[in-house]
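One chain comes next, on its own, written out as structure tokens in the form predicted on its own.
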């Protein structure tokens, strides 16, 4: 029996390399909730709960995620054999409603511990185990400036880092947004796949017009153009347009996945571990999508290294990821909180192969970026320079 000995939950705030412009917010930093659980045998597991733009994206914020874990979830863990991850999370589900991001962070930490105890990667604890060692990675062009986005896309192609690009649109008039997308499609040509994410910011009428125009300019996919709870409108749009509609904010775990599939409301699912409520639930969403003939895409909440590694382990178990993944979150941040960064190269991310998540935290970086830090630490740029010279 594994008994919880200690839990530490804290928020880290890491600046982004550039402003990241979305329909509902502009990000200049990413705030991540890190949870560390330790059992009485000294086995430690880490997890991450990350959302976008505070409460501008959804109904959980970094502060609420931390509060839910500390106040309501940890007391449940103290009554469980935390080596039994499924049973433990089932008890958490009975005691705590909603709070999918917080539950995901805790489940991730428990799976990290389980993998370490068994000496196997987390991916071997999910479904039938991993079926791939690397994942194709998209990059989001979200400066909002056409010339800058084209230059950034060209740079990523030249560095062989990304050849799938997602554009954040929805803040401007539809025709203006389509002109922006069309210029990028024309510039990158057949060297890349260009998709868009509207983040629910269009009405059905705007989406009807915008999706037709986007298809004409060479866009491959439209992510959540309208409100995620309007399945009837999503169904009408999916039936009308050849360009696939991808469900994102509409997805909140297996039950919503089944409703979307039953309504033929989307041609693609964006798999997200936090939005689904954990790694096990994400695997269930993927299974529903596969059974329904719906394409799958590995999404992100712009997590740091911990959440990205956790997502990679789940996505590595999905037999058919037609639309790739977008696990680029750590690359958007100025500093890495892992002691060894995740391996990106040749348009892909290597899935960690060590026990558990296969990662370790950089204690100095955590000390610097912790929101509740009290001790004096050297500057993050100095840390970065020291690591680069090591």
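Residue numbers count along the first chain shown, from 1. The shown structure was predicted, so the numbers you read here are calculated from the model rather than taken from an experiment.
The same protein also has a form predicted together with a small molecule, omitted here; what follows describes it.
Although the partner is absent from the chain shown here, none of 195, 220 and 266 has a heavy atom within 4.5 Å of the small molecule in the predicted complex. Taking the partner from elsewhere, residue 328 is found to have a heavy atom lying within 4.5 Å of the small molecule in the predicted complex.
In the predicted complex, residue 89 stays away from the small molecule, with no heavy atom inside 4.5 Å. Residue contact check for residue 300: one or more of its heavy atoms lie within 4.5 Å of the small molecule in the predicted complex. For the chain shown alone, residue 162 is not a contact residue for the small molecule in the predicted complex, no non-hydrogen atom being within 4.5 angstroms.
In terms of contact with the small molecule in the predicted complex, the residue from 107, 149, 177, 248 that brings a heavy atom within 4.5 Å is 248. Checked against the small molecule in the predicted complex, the residues 140, 99, 317, 201 give one hit for a heavy atom within 4.5 Å, which is 140. Contact annotation: the small molecule lies within 4.5 Å of heavy atoms from the stretch 164 to 172 in the predicted complex, the single such stretch among 90 to 98, 164 to 172, 74 to 82, 286 to 294.
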